[in-house]
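The chain below stands alone and is given as C-alpha cells, in the form predicted on its own.
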C-alpha cells in the first residue's frame, strides 16, 4: 500500500474522540478522506452510514482502500453488525483496517474482542489498537468530568489500582501511522500514556491544574453497581462497568507502554499536560461578539 494521494481512507466514528483526530490527521497529509455518519454533513466529505442498514454500505465503501473502524456504540453484541460490513469492505478491495479496541478487552472477549477476532480473520492487513482509559473522560460531557465540576469528586470502585491514561489524540496519531505506513504495522498494539496513575493520583493532578480541590471517593464493586443502576443504567450494563473498575483495583490495567513514541516518534502526552492544554483552550476560547 502506498501513501500517495490515490489512496482513499474511510473513517467511521468520525465525530468521536479518536475519529475526529484521525480524519484531521489524514487530511493534514493531503490524503483523501471519507467520513461515515448516520447524520452526515456532505460539505465535510461525509456519507450517510448506518451499521444496521446494509444498503448504506455501497456508497460508504466505494473506492475505499483502508478503514478506521470504530464499532457501533451502545450495542451489547456488535459483531453481527460489523461482520457484513467487513465482508463487504474486503469484497470491494479494502486491504487495511485499523480497529479501535480496548486494553481491557482481549481478542475473542465479548463485544470489542469479537470484533478483534473478525478483523484478524477477514482483513488482509489489520491493526487493533487497545488503548487504556481516555484522558478525555476528565473533561467535556463525560460523567467523570461532570462529577469533578459539580461535586469536586471522582467516584470509582478502583481502589489504589492504576491506569495508563491516554490522550485520544495520541491514539489517533498511532491510527494514522497504521493506516498509511508502507511497511504494515500489524497485530495488536497496547497504548498508554507515559505514566500509570490511580484515580487518587489523577484527582491530585486535576486539583493542581484547576486550582480547586478534587478528591477520589472509593466504593466497593457492589456499591458502584448500585450507584450506576440508580443513574438509570440497566443492571447488566452496570455490572459490566463496575467489573472494569474491579479489574483496575486488582492491578490488571497497571502498565505503561512506549508504543505511542515507537510508532509516532514523539512521547505520549501526560495527564498534566493534557489538562493544562484543555484549561488553556477553554480560557482562551473567544466569547460572544459584542455589538
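Numbering follows the first chain given and starts at 1. All values derive from a computational prediction rather than experimental measurement.
Keep in mind the form predicted in complex with a small molecule is missing from the figure; the text below concerns it.
The small molecule is not drawn, but in the model of the complex it has no heavy atom within 4.5 Å of residue 270. In the model of the complex, the small molecule stays beyond 4.5 Å of every heavy atom belonging to residue 260. Contact check for residue 137: a heavy atom falls within 4.5 Å of the small molecule in the model of the complex.
A residue is said to contact a partner when one of its heavy atoms sits within 4.5 Å of a partner heavy atom; residue 23 fails this definition for the small molecule in the model of the complex, lying far away.
With the small molecule omitted here, the record of contacts in the model of the complex names 96-104 of 118-126, 96-104, 217-225, 145-153, defined by a heavy atom within 4.5 Å.
Checked against the small molecule in the model of the complex, the residues 206, 189, 174, 112 give one hit for a heavy atom within 4.5 Å, which is 112.
The candidate site formed by 198, 248 and 251 is entirely out of contact with the small molecule in the model of the complex, as no residue has a non-hydrogen atom within 4.5 angstroms of it.
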